[in-house]
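A single chain, nothing else alongside it, follows as structure tokens in the form predicted alone.
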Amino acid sequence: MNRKGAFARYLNRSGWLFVTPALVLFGVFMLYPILSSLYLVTRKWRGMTDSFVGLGNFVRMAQDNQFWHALGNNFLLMILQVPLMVILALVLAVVLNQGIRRGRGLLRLMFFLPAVTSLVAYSILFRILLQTNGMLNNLMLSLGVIQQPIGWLNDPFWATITMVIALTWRWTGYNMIFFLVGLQNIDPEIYEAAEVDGASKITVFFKITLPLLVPVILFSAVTSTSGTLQLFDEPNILTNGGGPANATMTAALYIYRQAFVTNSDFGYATAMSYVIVLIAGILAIVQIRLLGDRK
């Protein structure tokens, strides 16, 4: 019994020894920033000095029209891009899983590659292609599709469309992989039983495939919504920091400017970050309520 007890204590110490580095890193890079943000949110920074303002940062935020404009851009992009991307990812997954036999692996790789492409690289590439005298405008002009160049990056409307196109191009293949995994985990016997009952392919998709993919749809919707609320790289690089009339200015980009570019006010930036986290949490709860298990 004594040997077993000593061995158990040895294993316990060894276990703590292995997890200690992870705990230290978690404390330094996760726990400490969270706790320090609770302090920062009550402060107002002026250069090298700061003062206590209580809820003053939130009062200032409520009156900041630029912040609400940026947050509205986030919601507009989320409404336009997230449903489009999820639907395209689902369609591509169904086609690759059932409709294509040859070259399936190559097509999966091609659709997934944008997700592992550098954010900076692909943003710069899109910016070059979509300039007024860029390749896309020149191609459309030569084909007679348009009579004059489209201001993809110079017009507020087209700048928003450009953001939707770029985000959809990058993240559709990423979400497609999850749908493929979900499709391949559906028991084939379910489809065989539906075929025996005479169900059409459309009925099978809407009555069997789609309901069984609800967890994957929920995962894609929640993660995509959260990602859209944190959007920073694309508007900063692709539309040169917010685009014309700040049409693509996002909340994350505005927070960055407040913290590191214009005012260096970390307290105000922290307060806005808390609001973004709260909104992301509320949206996730709503999506889980709508798409989650109702049992």
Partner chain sequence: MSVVRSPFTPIRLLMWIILAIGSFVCVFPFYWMVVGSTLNPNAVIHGNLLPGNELWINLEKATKNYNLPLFFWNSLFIASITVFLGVMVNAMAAFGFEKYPSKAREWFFGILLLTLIIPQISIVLPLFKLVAGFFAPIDMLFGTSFGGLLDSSWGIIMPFLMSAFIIFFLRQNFKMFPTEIVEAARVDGSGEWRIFLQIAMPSMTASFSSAAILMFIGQWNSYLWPLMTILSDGTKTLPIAMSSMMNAYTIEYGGLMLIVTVSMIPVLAVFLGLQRQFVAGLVGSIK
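Basically, rigid core = biggest C-alpha set you can superpose within 1.5 Å across the two forms. Positions refer to the first chain, counted from 1. This one's a predicted model, so the numbers in the text were calculated from it and none came from an experiment.
Although not depicted, the form predicted in complex with the partner chain is the subject of the following passage.
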item	value
Contact at 101, 112 and 252 by the partner chain in the model of the complex, all three, heavy atom at most 4.5 Å	yes
Interface residue in the model of the complex among 140, 164, 84, 107, criterion: non-hydrogen atom within 4.5 angstroms of the partner chain	107
The partner chain contact in the model of the complex: residue 203, any heavy atom under 4.5 Å	no
Residue 286 within 4.5 Å of the partner chain in the model of the complex, heavy atoms	no
is_contact(residue 33, the partner chain) in the model of the complex, heavy atom dist at most 4.5 Å	yes
Heavy atom of residue 28 within 4.5 Å of the partner chain in the model of the complex	yes
Stretch in contact, per heavy atom within 4.5 angstroms of the partner chain in the model of the complex, of 74 to 82, 156 to 164, 176 to 184, 143 to 151	176 to 184
Within 4.5 Å of the partner chain in the model of the complex: residues from 240 to 262 (heavy atom criterion)	240, 252, 255, 256, 259, 260
Residue shift check between this form and the one not shown, rigid core fit, residue 285 Cα at least 2 Å	yes
